[in-house]
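Heads up, the chain below is alone and in the form predicted on its own; it's given as structure tokens.
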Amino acid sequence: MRLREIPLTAWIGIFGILLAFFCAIFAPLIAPHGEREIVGDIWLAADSQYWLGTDNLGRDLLSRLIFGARTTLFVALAASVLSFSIGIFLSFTAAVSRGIIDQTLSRFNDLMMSIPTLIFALVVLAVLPQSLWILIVVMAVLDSTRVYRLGRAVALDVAVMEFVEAAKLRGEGKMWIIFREILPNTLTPLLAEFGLRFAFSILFLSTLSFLGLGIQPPAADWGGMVKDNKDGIIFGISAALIPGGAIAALAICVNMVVDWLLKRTSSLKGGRGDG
């Protein structure tokens, strides 16, 4: 693949994602003020001193937005990685084992998927202690059901290939077949799905924070910033729209990159089929 073959939309998406991660990594260095520092009156308009204005407590919105990128991306990325680790391992195990193991895992996954995700998360998070790692685990477990469904589908397609059957005849174990035979041949659709689940995790985390069960104040995250400043919309204050726009922009950037990956996968399959 050459760089010039990457479309403009994908470049825009890549730039947006890199910008968000740059802000998250170097937040203490590039933010004009501290994450919790009160710098002025509430809901000040944007000017040369406060580029995006201030929030409902008089904190600099730009600084909160930069620090919020760190929290939002860390939780969403950690939940996505954990959900994929759980979902891929269980789905590939089911596809290789078949029989009672496949049936048990698949029926349990169907049961979990039948429960509305948001309602289930709200109930569980309301009961458990407020902790960042509990939030990540709950998000990951709920999202792993979607990963399991895709992982099992792609693994079943590869598990019937001749090279997998040959590995079984050689006496290779299940873990060898999963990690050395099936996983390398399913990476592209899984990477595309990872991008979609990452975007969903950002939106899901923002929803939980808006409802008061996500990231807890005074820590900054984009969903919590929307919640904190929502009352300003009544008075024509746009403080809530800025983090909301950041959430939407990042989700769109991720989807642009995912769309390019999916189209590239389709073209590669078409090229192999024509040959």
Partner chain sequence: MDTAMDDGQPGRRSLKQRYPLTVLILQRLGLSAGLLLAVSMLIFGGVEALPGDFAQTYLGQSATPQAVENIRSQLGLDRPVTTRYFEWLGNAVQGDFGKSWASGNSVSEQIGKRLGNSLFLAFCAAIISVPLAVGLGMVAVHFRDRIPDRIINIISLAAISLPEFFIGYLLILFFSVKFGVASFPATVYDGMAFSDRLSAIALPTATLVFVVLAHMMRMTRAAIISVMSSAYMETAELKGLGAFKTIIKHAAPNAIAPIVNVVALNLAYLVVGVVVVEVVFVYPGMGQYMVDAVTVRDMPVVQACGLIFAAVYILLNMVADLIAIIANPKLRHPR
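Since the structure is predicted, the reported quantities are computational estimates derived from the model, not experimental observations. Residue numbers count along the first chain shown, from 1.
What follows is about the form predicted together with the partner chain, which we do not show.
Worksheet item: the partner chain isn't shown here, but in the predicted bound form which of Pro217, Gly34, Gly40, Gly245 has a heavy atom within 4.5 Å of it?
Response: The residue from Pro217, Gly34, Gly40, Gly245 that makes the contact is Gly245.
Worksheet item: Pick from Leu203, Ala78, Leu132, Leu105: which has a non-hydrogen atom within 4.5 Å of the partner chain in the predicted bound form?
Response: Comparing distances to the partner chain in the predicted bound form, the residue within 4.5 Å is Leu203.
Fill in: Among 54-62, 235-243, 41-49, 23-31, the region lying within 4.5 Å of the partner chain in the predicted bound form by heavy atom distance
Comparing against the partner chain in the predicted bound form, the contact stretch is 235-243.
Worksheet item: Should the three residues Met113, Pro116 and Thr207 be counted as contacting the partner chain in the predicted bound form, with contact defined as a heavy atom within 4.5 Å for each?
Response: Per the other structure, all of Met113, Pro116 and Thr207 touch the partner chain.
Worksheet item: Quick one: does Phe120 come within 4.5 Å of the partner chain in the predicted bound form, counting heavy atoms only?
Response: Although the partner chain is absent here, Phe120 would touch it in the predicted bound form, with heavy atoms inside 4.5 Å.
Worksheet item: Is Leu128 one of the residues lying within 4.5 Å of the partner chain in the predicted bound form, judged by heavy atom distances?
Response: Contact with the partner chain, yes.
Practice prompt. Answer yes if any heavy atom of Ile252 is within 4.5 Å of a heavy atom of the partner chain in the predicted bound form; otherwise answer no.
Written response: Ile252: contacts the partner chain in the predicted bound form.
Discussion item. Check Val226 for me: does it contact the partner chain in the predicted bound form (non-hydrogen atoms, 4.5 angstroms)?
Written reply: So Val226 counts as contacting the partner chain.
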